[in-house]
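Next up is one chain by itself, shown in structure tokens, the form predicted on its own.
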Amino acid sequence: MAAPGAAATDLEVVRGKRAALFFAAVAILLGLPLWWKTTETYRAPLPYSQISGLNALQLRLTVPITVVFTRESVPLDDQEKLPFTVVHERDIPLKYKMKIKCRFQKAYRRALEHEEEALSLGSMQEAETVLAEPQKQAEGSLTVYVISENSSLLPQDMMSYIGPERTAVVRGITHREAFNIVGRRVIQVAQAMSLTEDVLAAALADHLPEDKWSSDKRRPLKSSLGYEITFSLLNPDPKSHDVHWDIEGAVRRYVQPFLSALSAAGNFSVDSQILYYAVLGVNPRFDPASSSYYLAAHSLPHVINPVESRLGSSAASLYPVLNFLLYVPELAHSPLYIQDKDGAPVPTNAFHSPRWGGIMVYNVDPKAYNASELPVRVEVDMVQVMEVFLAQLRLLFGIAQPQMPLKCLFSGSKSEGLTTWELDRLLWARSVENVATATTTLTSLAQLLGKISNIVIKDDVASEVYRAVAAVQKAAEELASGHLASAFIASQEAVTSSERAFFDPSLLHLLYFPDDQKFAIYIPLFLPMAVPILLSLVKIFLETRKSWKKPEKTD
């Protein structure tokens, strides 16, 4: 009778072992892979090797120069060698990880008939008008005309001329080394019209160590897709001054043409406002000798912060905001003058702050107080004001006065306040700045994602990274080919895509979710299930091991 009971018990034991092995197999073969797959951090692949290679990228900035020789500009034997091409390349000595070279590609040729006729006219203005009609030069390119040594087109004491367009004129020479001498003169003119160390150093100010190249005075505005310009009239004493300014007409006549010429560098929006009872944050000091008040140079930085709180917050703006303030001092502090570091009055009675804007103090004529009762009607001379504000706007964008070669005649800016080659030079600087910014952003993003392995990398973030890398490479190729317009567009795309990837909100989801928190969450879930399975497996292992060691019975 005991045999059936023992058999049933053995059968239950076998079933229990099989059930334990089944549960263990399901947990190990199905549960663990499923849990691992469903809890892993999705990380789309990124081009880490290409990003690291961007730091070793060598920028070669090619400036195409067409050198046109007129008759009798060089000896006849040299003219028979035309046309040919000469390349002049030099390193830009900046303390930056990315090597930058400037490459002047000079294509020598003879002058055409209409060019000979234009350069034989009586003045440069007439010659430029004729030369500009049949041709449209590409962005970043230059044309230099070589005239005879005795030509009356330039004053006799001048060796070269730089116009408002992408053209220049240099004197030739009847010398056996004519091509070498003229070539050096062409390079001097081309450097003044295109790329210099100062221009590139100012553009890379945020990426260079603090030295002579990156002082605060030479920090231009960062490259952006757009800018907002605000003109503000500050009237702290409306009881004494009834100030009127034709800001709409001044913007239309003076500012809008300048911004239209600068439109290739970004989009611009202009607004204005009048603020009453807005005083400066610094009390002016009285000068008994001149019976006037003054603001010392060391106190000017303290003027901006109190006034800025009244201007309206720029936090909601997507683009950098430029503030231009016209301050009419109150009657108790009139007249008010700004002094420089040496204590001398500033001729414009204005100052500017890099990447912020400028402030101009507009004093009321003292005779106006004797002629009428208070408040005195004040009509602002907008020509004087806009002349100062446009000069400050040029400085804020890093458009400084060019350093002309010796004995070089400069025609001056166009009516818009900006020459065509100054715009090209700004685009050169912005393209290099955008490439450097995109490279730094991509490198920082790659280092961050490499250190923290549990950050989710979505497909759209990866696509932005790939797009940014491709745009940086394209911008470098276009710069090397001398295609400035397409290089600038590619560099803007590189900055936009790299920053869109870096600031994507999905990168912060698992940024602060370390491994110890994972164990704290999953151990209470899996431990109650895992303990019985592990104990059953241990028991089965021990029983199996014991049965192997049990000696067999022999009859």
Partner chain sequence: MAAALPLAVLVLLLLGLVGRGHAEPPRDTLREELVITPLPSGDVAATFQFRTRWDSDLQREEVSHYRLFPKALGQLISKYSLRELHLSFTQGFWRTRYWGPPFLQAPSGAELWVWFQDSVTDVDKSWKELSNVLSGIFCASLNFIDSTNTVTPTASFKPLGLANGTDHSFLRYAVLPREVVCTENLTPWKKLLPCSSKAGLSVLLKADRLFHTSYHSQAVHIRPVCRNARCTSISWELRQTLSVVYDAFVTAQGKKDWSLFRMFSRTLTEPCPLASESRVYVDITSYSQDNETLEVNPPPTTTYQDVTLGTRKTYAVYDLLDTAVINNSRNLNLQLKWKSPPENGYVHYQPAQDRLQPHLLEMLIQLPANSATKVSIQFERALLKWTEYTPDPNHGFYVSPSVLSALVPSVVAAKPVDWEESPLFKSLYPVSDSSSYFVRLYTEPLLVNLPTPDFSMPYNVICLTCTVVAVCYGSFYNLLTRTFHIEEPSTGGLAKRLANLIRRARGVPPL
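The term rigid core refers to the most C-alpha atoms you can superpose between the two forms while keeping them within 1.5 Å. Positions refer to the first chain, counted from 1. This structure is a prediction, so every number in the text was calculated from the model and none was measured.
The next section is about a form of this same protein that is not shown, the form predicted together with its partner chain.
Proximity to its partner chain in the predicted bound form, defined as a heavy atom within 4.5 Å, holds among Ser481, Asn363, Gln273, Gln79 only for Gln273. Of the listed positions (Tyr319, Phe286, Tyr277, Tyr369), a single one reaches within 4.5 angstroms of its partner chain by any non-hydrogen atom in the predicted bound form, namely Tyr277.
Here the chain stands alone, but in the predicted bound form its contact with its partner chain, taken as any heavy atom within 4.5 Å, falls in 222-230 among 222-230, 174-182, 124-132, 146-154. Here the marked residues Gly31, Ala107 and Phe541 all miss its partner chain in the predicted bound form; none has a heavy atom within 4.5 angstroms. Taking the partner from elsewhere, Pro505 is found to have every heavy atom lying beyond 4.5 Å of its partner chain in the predicted bound form. At least one heavy atom of Val13 is located within 4.5 Å of its partner chain in the predicted bound form. At a distance threshold of 4.5 angstroms between non-hydrogen atoms, Arg90 is out of contact with its partner chain in the predicted bound form. Of the heavy atoms in Glu113, none are within 4.5 Å of its partner chain in the predicted bound form.
Looking at 394-410, the residues that come within 4.5 Å of its partner chain in the predicted bound form, counting any heavy atom, are Arg394, Leu395, Gln401.
Once the rigid core is used as the reference frame, the Cα position of Phe503 differs between the shown form and the other one by less than 2 Å.
Positional change of Pro524 between the shown form and the other one reaches 2 Å or more at the C-alpha, relative to the superposed core.
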